[in-house]
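So this first bit is one chain, no partners, the form predicted on its own, shown in structure tokens.
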């Protein structure tokens, strides 16, 4: 079952039966949709108009849909896309857990139960967004609380928290629930790490009680395809932020890291080498005033590769930009 990603699509341009799921990026209410739709309520920085992105399958492909413990999902063959939102105000934390930690645990526990029920055990890619990601509550940064809940759910669901873990991003927006979208399938990912960076799941404890649970990138293989997901990538060398306060240098370093990841992915690829210009990207920019600087550096390195620029907070308060990407072959 082949899969493709359409950007700037419209509801009227696609038969609902082709859409596995997607994303609404921008302020204002998302359009009504008959398929799982993650709402990222934050401005698109270039042009300002809301954006709709859709994962689609071929015309006539079989399609199933449902809801499981609040997870809206759609499945075509062995490909499954889902979205789940959990408001922290609606959770009752277990002893020793903060509301954010509990919300993250519940989101992932529900996802794993759905995957078990559908017989599709392998997460490929996750998109995580939350309010006030760098804020502190209950004595700990909220992103670190999220990592604790996510990691607890991986272990409770008998999933590894090191090595073969999915590609992912985690960004902050101004308001809204914890929202997680995901793609899953029947086969495990081929994980890709970056020799310039410590693997996120092996970070030292100075970054929190539990390390983040994601690979730098993941290769996945639907029938007849190869898809590369590059996780959210920032200006980190080893495990430390570099170029604090310099958005141009941070953007360049982020792209250096992506280039290093692509070199490693190329060694594992079934379809040939990957170059920076082969991917489509989403760039998260902390300060809207930095957009022109970020775009200038990106254009120098990526040429005409498609890039969507979004206002969002990165997982560390000293990081000004984060870039993710994918290639579908």
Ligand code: 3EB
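Keep in mind it's a predicted model, so treat the numbers as computed, not measured. Positions refer to the first chain, counted from 1.
This next part talks about the form predicted together with the named molecule, which is not shown.
The partner is absent here, but in the predicted complex a heavy atom of 315, alone among 315, 312, 320, 25, sits within 4.5 Å of the named molecule.
With the partner omitted from this view, the residue of 148, 115, 178, 169 that lies near the named molecule in the predicted complex is 169 [heavy atom within 4.5 Å]. At a distance of at most 4.5 angstroms from the named molecule in the predicted complex, all three residues 203, 214 and 232 contribute at least one non-hydrogen atom. You can rule out all but one of 206-214, 219-227, 151-159, 79-87: in the predicted complex, only 206-214 has residues with a heavy atom within 4.5 Å of the named molecule.
Proximity of residue 143 to the named molecule in the predicted complex falls within the 4.5 Å heavy atom cutoff.
For residue 128, a non-hydrogen atom is located within 4.5 Å of the named molecule in the predicted complex, even though that partner is not displayed. The named molecule is not drawn, but in the predicted complex it has no heavy atom within 4.5 Å of residue 109. Among heavy atoms of residue 236, some come within 4.5 Å of the named molecule in the predicted complex.
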